[in-house]
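Encoded as structure tokens, the following chain is the form predicted alone, with no partner shown.
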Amino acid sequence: MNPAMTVVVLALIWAAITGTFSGLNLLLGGAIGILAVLLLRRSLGPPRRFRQLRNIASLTVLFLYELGASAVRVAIVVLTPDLKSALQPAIIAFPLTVKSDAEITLLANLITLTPGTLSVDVSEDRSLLYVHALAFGTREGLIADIAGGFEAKVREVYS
């Protein structure tokens, strides 16, 4: 049985034992299941799967953080009385270090789903991703943010 299914089964067992199938109780059972799986990981399966699950969870947490932070930044830009000074749209060419179709697609979707940025196109040779930013600071700053954030996490997930 894979670790995710083990956690689900342990959460359901927890809910059955406690007699409460509420959402919070299932979450508590899931947390206890995750702890049990982590403690027993050597006997349950190869450590590579757990590292990959940890990398996926890390990417998810980063995405949720960036989603919230960028939503606040876009709201501030929109609510600024002098909108023309707050808006500094630009399109930059982001140099890609990820190469597979899946990696490029995931990175482009993460950028597009984050408010204030939009993936526009990928170059023919797949070396550049064109990104539109609503409130543009500096080219180097935006490239560093994407490379150190989403792109690094996508590489970890696919390594």
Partner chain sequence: MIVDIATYAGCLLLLLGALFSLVAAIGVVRLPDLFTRMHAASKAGAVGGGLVLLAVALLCFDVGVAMRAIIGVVFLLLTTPVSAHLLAKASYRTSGQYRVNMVVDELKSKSSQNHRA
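Values in this document were obtained by computation on a predicted structure and should not be read as measured data. Between two forms, the rigid core is defined as the largest C-alpha subset superposing within 1.5 Å. Positions refer to the first chain, counted from 1.
Omitted here: the form predicted together with the partner chain. The next part is about that form.
Colleague: So which of Leu59, Ala36, Leu118, Val98 reaches within 4.5 angstroms of the partner chain in the predicted complex, heavy atom to heavy atom?
Modeller: It is Leu118.
Colleague: Of Leu26, Leu53, Ile32, Ile92, which one comes within 4.5 Å of the partner chain in the predicted complex, counting heavy atoms only?
Modeller: It is Ile92.
Colleague: State yes or no: in the predicted complex, is some non-hydrogen atom of Arg41 no more than 4.5 angstroms from a non-hydrogen atom of the partner chain?
Modeller: No, no contact at 4.5 Å.
Colleague: May I ask you to state whether Ala144 is within 4.5 Å of the partner chain in the predicted complex, using heavy atom distances?
Modeller: No.
Colleague: If you check in the predicted complex, is Ala102 within 4.5 Å of the partner chain, heavy atoms only?
Modeller: The answer is no: Ala102 has no heavy atom within 4.5 Å of the partner chain.
Colleague: Could you confirm whether Asn109 comes within 4.5 Å of the partner chain in the predicted complex, counting heavy atoms only?
Modeller: Asn109: contacts the partner chain in the predicted complex.
Colleague: Using a 4.5 Å cut-off on any heavy atom, which residues of 127 to 150 would contact the partner chain in the predicted complex?
Modeller: The stretch 127 to 150, when checked against the partner chain in the predicted complex, contributes Tyr130, His132, Ala133, Leu134, Phe136, Arg139 at the 4.5 Å heavy-atom cut-off.
Colleague: On a rigid core superposition, would Leu113 pass a 2 Å threshold for CA movement between the shown form and the other one?
Modeller: Superposed on the core, Leu113 moves its C-alpha 2 Å or more between the shown form and the other one.
Colleague: Classify Ala15 as shifted (yes) or not shifted (no) between the shown form and the other one, where shifted means its C-alpha moves by 2 Å or more with the rigid core superposed.
Modeller: Shift at Ala15: 2 Å or more after core fit.
Colleague: In the predicted complex, the Cα separation between Leu59 and Val9 changes by 3 Å or more relative to the shown form; did it shrink or grow?
Modeller: Closer together, which means the C-alphas of Leu59 and Val9 are at least 3 Å nearer in the predicted complex.
Colleague: With a shift of at least 3 angstroms, figure out whether the C-alpha spacing between Val9 and Thr60 grows or shrinks in the predicted complex: closer or farther?
Modeller: Distance between the C-alphas of Val9 and Thr60: shorter in the predicted complex, by 3 Å or more.
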